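The chain below stands alone and is given in structure tokens; this is the form predicted alone.
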């Protein structure tokens, strides 16, 4: 989502007569867009300002979740001129103008105003072959470890017509892969773009939005992230089985495999309810694969409860996963909980879980050997004539080619597999 927001900020500024600098040393304006999910975000921000600020710098703007969390305290770093929240970046050109003209020295803008933001964004510029499209922001789940409801606000869904028009514009300008994004994307409930005659105005859920977008000309691959287990429906599972352009891959974070810890996290589901949905999903769509998020060392977590998480990870056998030590976030309920786990124990548990997750990743990589995969190539590799892309399951695929493959779909026969990627050759 921060990548999407950063691109939209660039569109705004270019639309207002600014140019992107070729190098940071040439920039008059430095904009730092931040995430506060992990610890020490503010310290890292201040360090980066010190590294990148130079004699040409006239304005330093800081946006995103760190601004929302720090509020006025952000100005303890004297070089910051503008601090704006995740829902206020549509006013960034105005604020920069005020600083450059000397009207103001410092500006704090952290109001929650999603509707106004999306209404003020210009047409997308510098479109890539793969693009994110925000359909939903904020969260109403209030997991006890998470700062998102406090930094991004309550749930807001863009209207279906706004989303579809943005996707159409991207496809018309060469985009081939679309990823629909939101803090809780499968809780989407956007205003319907049209209704049947005589029917009241209503909303579309994610399922209907996907069906409509999947029919658009030019779309080769469709994804969405991040979803919540409790909002995953049977209909969405069926759409995966019925819609070729929608990848057979779903990121469904579980965080823990123990019911007591899940309840303490306020996740809204049990471990068995999660597993039941995974089993049902595989029955409906046999080629589906999964990724997930895990937190180890949540307050009061015992060794036995941690082992439940490892067992769940082994049972599901994820293609890709992301795992973290619990990180205390100020003003969240979990920050005030007794029984905080020492860092040494969290590090030990994380290493154990990651070994299990890597073994699953290696298993899925090896399973590709001898198969042909459709790959969208994203970048060059470290070696000459080497290109790296992703298959539908987000597995990295490496090939050698005399031709520039970036932005192209190619069939690749997989010959070898490693821990983090697979290698193959282009099928002619």
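As the structure is a computational prediction, the values presented were derived from the model and not from experiment. Numbering follows the first chain given and starts at 1.
In what follows, reference is made to the form predicted in complex with a small molecule, a form of this protein that is not presented.
The candidate spot formed by 159, 179 and 224 is out of contact with the small molecule in the predicted complex: none of the three has a heavy atom within 4.5 Å. Shown without its partner, this chain lists 90, 95, 349, 228 as candidates; in the predicted complex, only 228 has a non-hydrogen atom within 4.5 angstroms of the small molecule. Proximity to the small molecule in the predicted complex, taken as a non-hydrogen atom within 4.5 angstroms, holds for one residue of 232, 118, 281, 294, which is 294. Contact annotation for residue 37: at least one heavy atom lies within 4.5 Å of the small molecule in the predicted complex. Heavy atoms of residue 326 reach within 4.5 Å of the small molecule in the predicted complex, making it an interface residue.
In the predicted complex, none of the heavy atoms of residue 277 sits within 4.5 Å of a heavy atom of the small molecule. Taking the partner from the other structure, the small molecule in the predicted complex has no heavy atom within 4.5 Å of any heavy atom of residue 356. Judged by heavy atoms within 4.5 Å of the small molecule in the predicted complex, the contact stretch among the candidates 310-318, 96-104, 118-126, 140-148 is 140-148.
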